[in-house]
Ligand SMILES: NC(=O)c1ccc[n+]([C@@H]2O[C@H](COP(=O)([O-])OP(=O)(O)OC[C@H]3O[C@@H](n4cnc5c(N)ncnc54)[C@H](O)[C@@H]3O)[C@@H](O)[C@H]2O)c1
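This document starts with one chain, in the form predicted alone, laid out as structure tokens.
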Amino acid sequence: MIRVGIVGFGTIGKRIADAVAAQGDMHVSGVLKVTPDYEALVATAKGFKVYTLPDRVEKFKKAGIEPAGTIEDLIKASDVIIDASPEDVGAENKEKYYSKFDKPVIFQGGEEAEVADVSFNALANYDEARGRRYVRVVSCNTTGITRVLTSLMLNGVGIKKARIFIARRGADPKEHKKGPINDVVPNPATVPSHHGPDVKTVLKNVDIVTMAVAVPVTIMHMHMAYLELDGAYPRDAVLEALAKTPRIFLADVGAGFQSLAQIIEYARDLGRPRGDFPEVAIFRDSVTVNGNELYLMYGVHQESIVVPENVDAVRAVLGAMPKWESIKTTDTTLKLFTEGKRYG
């Protein structure tokens, strides 16, 4: 049983904790919280041991929460750490805490690529993470782009260049102090946005340029992609490649999927926890082939898309399972769409 310690129990961390707890080969050794708020109470209610920073112990006790120990105690009690801290905090934790212990650590995409030995996406470079000390699961948008490109390349569709245009959600649903209000903000105004260079930390040789704007929504990101392929492929061949790749969902307008909100509503109707949608939701009707040019639009659920990647990263760094066995195990335990998918 792999003991997984999770540093951070916010938007991503709490989802990772639930996903790890669902795995038959993993156990949540504990979660780290720095504030004794309702999320700390949720962690306790779910049976997770709550750890904190050394200077926060008394604050937790005064709030009626008895910490199981400090961050160093959590590291000692774990075989691997997943750091789901806010942006840049993971790098600080590395210098202050993780460097003292010979334990693998998995960071999130909010950290710079330099924090880790390898940037990670399960479909694209699972084996590259094997035996590494520090691994970084790339951000939600980078994960979405990498999955789409990899789904084609794994199925023999070559890509000469990718141009991706991103409408980013302004904030997560609970972030009441963030996000553009009645505005559209270049994010950034310069080209490229950081997403293209980030994709290249995983897919080293891809020719990609990205542009992004932040929009006043909270539910999902929308990507509009133009891909130049290495030849003319039938639309059916492209659709087949997408359809049989794990963690890709084809949404049909005729089935009622006319917006990203309906994708999330579908997840709620399926009874998925928190209405999460970890798959890339590609609008089938948008998939258009013109000679060697491919156009498509897809949604990326920023709160959950990296969750299965973190689970696979644990197995990858420890060499616990081969790539496709891990991906299938993760997808099955998280009740993602597996019918018609090819695992291997």
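As the structure is a prediction and not an experimental result, all values here were calculated from the model. Numbers follow the displayed sequence, beginning with 1.
What follows is about the form predicted in complex with this ligand, which we do not show.
Contact annotation: this ligand lies within 4.5 Å of heavy atoms from the stretch 164-172 in the model of the complex, the single such stretch among 228-236, 164-172, 256-264, 270-278.
Although the partner is absent here, residue 206 is not a contact residue: none of its heavy atoms lies within 4.5 angstroms of this ligand in the model of the complex. This ligand is not shown here, but in the model of the complex it comes within 4.5 Å of a heavy atom of residue 11. Heavy atoms of residue 81 never reach within 4.5 Å of this ligand in the model of the complex, leaving it off the interface.
Proximity of residue 4 to this ligand in the model of the complex: non-hydrogen atoms within 4.5 Å are absent; the residue sits far from the partner. Of the residues 26, 68, 65, 34, just one reaches this ligand in the model of the complex with a heavy atom at 4.5 Å or closer; this is 34. Annotation for 258-296: no interface residues with this ligand in the model of the complex [heavy atom within 4.5 Å].
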